[in-house]
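Next up: just one chain, as structure tokens, the form predicted on its own.
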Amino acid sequence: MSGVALFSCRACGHVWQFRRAMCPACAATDIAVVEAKGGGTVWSATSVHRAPTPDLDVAGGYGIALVTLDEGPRIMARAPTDLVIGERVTVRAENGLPTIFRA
């Protein structure tokens, strides 16, 4: 499994990323925590060459991408710098952060 937590509404089945007290689709409060399977498609990708903190300062920059998970939510994650929009990828939690790997 991916280690990436998602939230699912038991009433309507809607799935999202960030914890909320109620479902953003139907307002039900019966929420389950589920783990993303990890598969997804790159929706957007970019390279960052100016690190906001010293620990992110990597020679050549680092990649960030938005991935639409197979479960539906679109999440942001660290990524290789050469991803292509529409590419199939795998997302796993590494050091607590969603990270993209080539599928």
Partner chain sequence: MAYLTGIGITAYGKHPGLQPLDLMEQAVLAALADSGLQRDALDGLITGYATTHPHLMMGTVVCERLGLKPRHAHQAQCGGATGAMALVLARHLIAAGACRHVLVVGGENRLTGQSRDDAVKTLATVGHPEHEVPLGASIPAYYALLAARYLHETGANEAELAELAVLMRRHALGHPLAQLRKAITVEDVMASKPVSTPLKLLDCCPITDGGAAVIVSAEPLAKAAIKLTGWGEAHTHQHVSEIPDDLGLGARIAGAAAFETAGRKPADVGLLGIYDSFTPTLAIFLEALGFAPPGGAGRAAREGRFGRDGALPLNLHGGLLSFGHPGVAGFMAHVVEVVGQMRGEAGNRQVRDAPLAYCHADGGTLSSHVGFVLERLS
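Positions refer to the first chain, counted from 1. Small disclaimer: the values here were computed from a predicted structure and weren't measured.
What comes next is about the form predicted together with the partner chain, which does not appear here.
For Ala36, no non-hydrogen atom is located within 4.5 Å of the partner chain in the predicted complex, even though that partner is not displayed. Residue contact with the partner chain in the predicted complex: Met1 places no heavy atom within 4.5 Å of it. In the predicted complex, Arg19 approaches the partner chain with a heavy atom inside 4.5 Å. Interface residue remark: Thr53 is counted as part of the site for the partner chain in the predicted complex, having a heavy atom within 4.5 Å. Interface residues of 56-88, taken as those with a heavy atom within 4.5 Å of the partner chain in the predicted complex (partner not displayed): Leu56, Tyr62, Ile64, Ala65, Leu66, Arg74, Met76, Ala77, Arg78, Ile85, in sequence order.
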